[in-house]
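Read the single chain below, which is given as structure tokens and is the form predicted alone.
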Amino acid sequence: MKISEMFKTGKPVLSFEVFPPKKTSGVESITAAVDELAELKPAYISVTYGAGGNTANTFTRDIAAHIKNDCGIEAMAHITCVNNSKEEVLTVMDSFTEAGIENILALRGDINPNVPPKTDFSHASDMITFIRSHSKYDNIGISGACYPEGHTEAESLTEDIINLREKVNAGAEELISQLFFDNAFFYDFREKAKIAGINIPISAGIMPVTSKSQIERMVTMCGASLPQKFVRMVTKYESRPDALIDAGIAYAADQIADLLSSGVDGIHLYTMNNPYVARKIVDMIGKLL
């Protein structure tokens, strides 16, 4: 089932994201966590793409196939153009379809300084256009990423939204946002996207805080702003790990409740492979969906 079809019910779509294990571990190292997440019955679970190489392709495919075929939950496999040539994209796409995977998230991907990037595609929109040019993938649902505060490499949010429109015109059917901690950025972005003629569903990406180091790492990577309310919370509980986890769960649940009351299309929960955190949030917001 194409994920874009899930939004036609008019109800907000709840989805999760997991990431593959490191190359030194096997897929079985996260199978138990994936199974627990599947028990929470999200509409779908996406699987990120590792840091380049065939191992990343295989792990992403195998985890997504397990979610789809063994857990009975729709799966979305990430694919990046910075890691793949045109020939490699076709190989990965064939591998996904052979495993029964019907949805992908097409991304440019983060450039790894230790891995020379492939140059066949400059942007995710180029890869989407390439995939859409092959009729054998017509039944594959393609989603794209968006950035409520603008991509870190874009000169402005306006420029980023213009580029996003190219991604939609290329064939993206749903958008998943980068994480954010201030809903005002998401609402402003959503309004600007609508004015720009972007009318496909947009799911809000929410990451519950579990540690100070996690936040520092993610903010460095994506440039998300930290509101004073959030900073006070982290500062208050950073020396008490268990308290910070509970505070982070409460903060994320509050974000989600506000988003749902404001008519968000979907919530995409960055679970960090942590079923406990996901379960606590679902327990808190489940009746709002």
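Computed from a predicted model, the values in this text were never measured in an experiment. Residue positions are given as counts along the sequence shown, with the first one as 1.
Omitted here: the form predicted in complex with flavin-adenine dinucleotide. The next part is about that form.
- Though the partner is left out of this view, F96 does not reach within 4.5 Å of flavin-adenine dinucleotide in the predicted bound form, counting heavy atoms only.
- Within 4.5 Å of some heavy atom of flavin-adenine dinucleotide in the predicted bound form lies at least one heavy atom of L105.
- Heavy atoms of Y49 reach within 4.5 Å of flavin-adenine dinucleotide in the predicted bound form, making it an interface residue.
- When contacts are judged by a 4.5 Å heavy atom cut-off, A124 counts as touching flavin-adenine dinucleotide in the predicted bound form.
- This chain appears without its partner; in the predicted bound form, the one residue of I73, L90, A145, I198 with a heavy atom within 4.5 Å of flavin-adenine dinucleotide is A145.
- Proximity to flavin-adenine dinucleotide in the predicted bound form, taken as a non-hydrogen atom within 4.5 angstroms, holds for one residue of N183, N163, T129, T210, which is N163.
- Residues placing heavy atoms within 4.5 Å of flavin-adenine dinucleotide in the predicted bound form fall in a single listed stretch, namely 165 to 173, out of 212 to 220, 184 to 192, 129 to 137, 165 to 173.
- Residues of 77 to 92 placing a heavy atom within 4.5 Å of flavin-adenine dinucleotide in the predicted bound form, in sequence order: H78, T80.
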